[in-house]
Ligand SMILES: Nc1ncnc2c1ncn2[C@@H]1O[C@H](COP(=O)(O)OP(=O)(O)OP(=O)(O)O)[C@@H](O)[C@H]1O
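Only one chain is given next, in structure tokens, and it is the form predicted alone.
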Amino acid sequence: MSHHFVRYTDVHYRYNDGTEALRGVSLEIKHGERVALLGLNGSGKSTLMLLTDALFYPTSGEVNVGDVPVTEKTASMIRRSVGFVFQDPEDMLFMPTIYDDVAFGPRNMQLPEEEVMRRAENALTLVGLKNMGEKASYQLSGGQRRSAAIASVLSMEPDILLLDEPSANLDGKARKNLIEILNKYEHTIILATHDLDLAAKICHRAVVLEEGRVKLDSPIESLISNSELLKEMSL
């Protein structure tokens, strides 16, 4: 399985209540790119990422991770390559200790315990929680819980990292730490955010969604340096 791109081809998605979340999204993200998904609430950012991780499936059109289409049959394969950090860390931290949370994914992959330990320890070290694995999530600060949630995905060693509003409710120190963590990641990042400054410090490319369509796809520097364009994009 090749993981060198993510491709969305005329992707539509309609929720059960009739809401059209995506209306013909077509774009390609190459391996190693860092892409910020920008737009107002309801523009389709989170839906697009849920489709990428095989949590939803297109109503029509196609999502491909490398040469594999995202379908119910390929979901488990896709999730080995795509890691999703949800907006609320509490949705991802449910084990007795942080170490167990971070080890959960590799264990679920039925890896040898020695490999589980290596991955968990490496992930905790990368996010600055090397000596906190035996703590419970409630013993950590908000920023540390966010870091632990990221570690629980990094331990899966994904080729593509999805993050939904990762700087929400973080103070300045935790936000700076988040930027440092993400800038160490060597593979593809797709980041949905309202935080333009965060996006500029991490991403090279901006994709602006509006009412489920791609409104703009450009280098992020071109977007943030143009105040008139930012106003036009409602950013």
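All residue numbers refer to positions in the sequence shown, first residue = 1. Predicted, not measured: the structure shown is a model, and the values here were computed from it.
One more form of this protein exists, namely the form predicted in complex with the ligand; it is left out here, but the text below deals with it.
Peer 1: What stretch, of 180 to 188, 195 to 203, 58 to 66, 43 to 51, brings heavy atoms to within 4.5 Å of the ligand in the predicted bound form?
Peer 2: Among the listed stretches, the partner-contacting one is 43 to 51.
Peer 1: With the ligand left out of view, which of T71, Q87, T125, Q139 would have a heavy atom within 4.5 Å of it in the predicted bound form?
Peer 2: Checking each option against the ligand in the predicted bound form, the one that comes within 4.5 Å is Q87.
Peer 1: Just checking whether S227 would be counted as a contact of the ligand in the predicted bound form - the rule being heavy atoms within 4.5 angstroms.
Peer 2: Close contact is absent here: in the predicted bound form, S227 is far from the ligand, nothing within 4.5 Å, heavy atoms only.
Peer 1: Please check if A21 has a heavy atom lying within 4.5 Å of any heavy atom of the ligand in the predicted bound form.
Peer 2: A21 belongs to the contact set for the ligand.
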